[in-house]
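Before any questions on binding or motion, here is one chain by itself as structure tokens, the form predicted on its own.
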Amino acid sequence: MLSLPQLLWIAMIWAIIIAGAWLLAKYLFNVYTGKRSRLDRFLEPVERTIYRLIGVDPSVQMTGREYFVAVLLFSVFATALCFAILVLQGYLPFNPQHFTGMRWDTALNTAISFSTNTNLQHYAGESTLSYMSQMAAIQFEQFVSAAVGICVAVAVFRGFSGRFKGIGNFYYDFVRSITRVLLPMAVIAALVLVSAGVPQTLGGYVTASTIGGGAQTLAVGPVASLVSIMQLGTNGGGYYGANSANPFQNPTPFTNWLEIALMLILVTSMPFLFGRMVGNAREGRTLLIAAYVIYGINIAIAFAGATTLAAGMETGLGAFSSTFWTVTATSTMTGSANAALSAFNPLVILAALFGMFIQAAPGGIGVGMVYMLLYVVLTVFIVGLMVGRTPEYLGVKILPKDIKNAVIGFVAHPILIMVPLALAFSVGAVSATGVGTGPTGFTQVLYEFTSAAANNGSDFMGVAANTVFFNVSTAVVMWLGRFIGIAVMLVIADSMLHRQRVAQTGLRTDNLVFVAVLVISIIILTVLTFFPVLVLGPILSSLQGLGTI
């Protein structure tokens, strides 16, 4: 259980993040509504050059379908580029360790993983990837996928608000996301990390003498630049196989809490940005409170059991810090880790799974708010059925086609988890990895596909999943898990953009009553959908640990 000092520490972290996110949202609103800025004299020439090079007119409004096609095609291009670099890295420069190219299935999985903001890693970066791959493939994708997530959220916000000419232009949103948001924030974060002891070099690995007279190779490289965007963009894929449990990637308690703050800052700003874009700050605050209530419930579940870590595991940062990190990383879809998942009791894993099942508490960068709005559509529909009124949101009636699309978005998630989960056991793919068939083994495989479908990337199987079956199956799950929800919500937003808006007469959606209704709806939908697999996995493991069965 949490002690009072620990509760106060969490409250302080939340207060700092929420205050910072509120301030950041004002800046983001100016960025995505084209407000004039002192930065324009420096950035506009760069941005105009980029538009000319790619041959687009950023002033052209796109339909929801056109916006989605642009997102998809750009993601395909980024994936293909990343795949080529990983396969050919043995022939490319900046490879002082002379690593060979990745096997095709591992490269495919990695390329799709990073282009979908999942960052699932079936390899150890420090023993597999060259500097070129770490920078031109991994870090490049982390910027791209994070920017795409923000762009989709902004486009959906415009559609829901009805206060704009259209849902926007993907290329305009994307370029400004990079030049005005992600790049400057990542540079500042990287400089702070370097000053705190995180390596940033292209000088090659270092050989050091040990106390016993032996030699040890220290894997260093462009670590700080990767860590900054990995956390800021809710990517999670680390420079090292041990992720932020590695002391080079996360050397001190200060860097530990800084990295947690980076996970939270942009995703927390999204509800505030939504409130500004729809012209009602209370609507944004309502969604933020709902997200943080569920996030808090996940924390309570994780700390309900013993918070000690298994002997021999990464315990330098302490059980409290590691548990809080794990719940935060899975609630924000970041997926980074500062301790091995196998070190935790089953309740921590249960809380992590809940975060990935819901995907909106507060969820990944941009896409988390998109899924929260999907839950809002479903909730107002359910309430409308209960009271016999036509459901509406923000003064717009929710039509049957909106409900159908929202249901598709919701149902796709469990299907993408359950089907490959059953297939993995039925064809013997699990036994080939060495993972057991008991509740712990079942939980590991369930976690693998849940992490892939939620574009989270935290990994319970590690390099054991580096098989053709798991590489290909999770790649398919990651791709569909990323783009089905995006497609559905862009269609709904585009449809809502052109509807007549009237004074809201149904359920108020900007107060604490709606927070309660929304949270209860999300929890009920999630529990009813996933309860059977949770019983077979982490719940059964927890009961066995207590000696009740």
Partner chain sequence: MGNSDAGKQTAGTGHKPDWTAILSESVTRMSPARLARNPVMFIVEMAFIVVAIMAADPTLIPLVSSQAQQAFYVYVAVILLLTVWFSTLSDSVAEAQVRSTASSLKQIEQEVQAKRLDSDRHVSPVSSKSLRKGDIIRVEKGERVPIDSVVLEGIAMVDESLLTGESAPVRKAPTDMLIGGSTLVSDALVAQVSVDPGETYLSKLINMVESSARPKTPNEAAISVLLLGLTAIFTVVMVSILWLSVTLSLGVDLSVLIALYVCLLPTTIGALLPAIGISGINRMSANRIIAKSGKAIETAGDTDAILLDKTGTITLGNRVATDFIPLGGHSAKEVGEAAFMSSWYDDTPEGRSIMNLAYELGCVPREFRSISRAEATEFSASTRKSGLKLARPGLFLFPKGGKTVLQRSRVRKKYAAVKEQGPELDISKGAPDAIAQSVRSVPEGFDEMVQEISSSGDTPMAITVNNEVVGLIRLKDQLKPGIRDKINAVKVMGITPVMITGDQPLTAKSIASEVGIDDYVSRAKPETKMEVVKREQASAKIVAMIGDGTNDAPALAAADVGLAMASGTMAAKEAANMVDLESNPAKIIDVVMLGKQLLMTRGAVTTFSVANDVAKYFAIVPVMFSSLPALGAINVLGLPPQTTVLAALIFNAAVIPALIPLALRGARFKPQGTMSIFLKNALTYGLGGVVLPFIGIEAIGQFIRLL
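This one's a predicted model, so the numbers in the text were calculated from it and none came from an experiment. Residue numbers count along the first chain shown, from 1.
FYI, the form predicted together with the partner chain isn't displayed, but the following is about it.
Of the stretches 106-114, 409-417, 297-305, 155-163, only 409-417 has residues with a heavy atom within 4.5 Å of the partner chain in the model of the complex. Residue in contact with the partner chain in the model of the complex (any heavy atom within 4.5 Å), chosen from Ala432, Val387, Leu88, Val476: Val387. Among Leu421, Met102, Val376, Val181, the residue placing a heavy atom within 4.5 Å of the partner chain in the model of the complex is Leu421. When contacts are judged by a 4.5 Å heavy atom cut-off, Phe425 counts as touching the partner chain in the model of the complex.
In the model of the complex, the partner chain sits within 4.5 Å of a heavy atom belonging to Val502. Within 4.5 Å of some heavy atom of the partner chain in the model of the complex lies at least one heavy atom of Ile524. Contact annotation: Leu507 falls within 4.5 Å of the partner chain in the model of the complex, judged by heavy atom distances.
Within 4.5 Å of the partner chain in the model of the complex, a heavy atom is found for none of Ala15, Val463 and Leu480.
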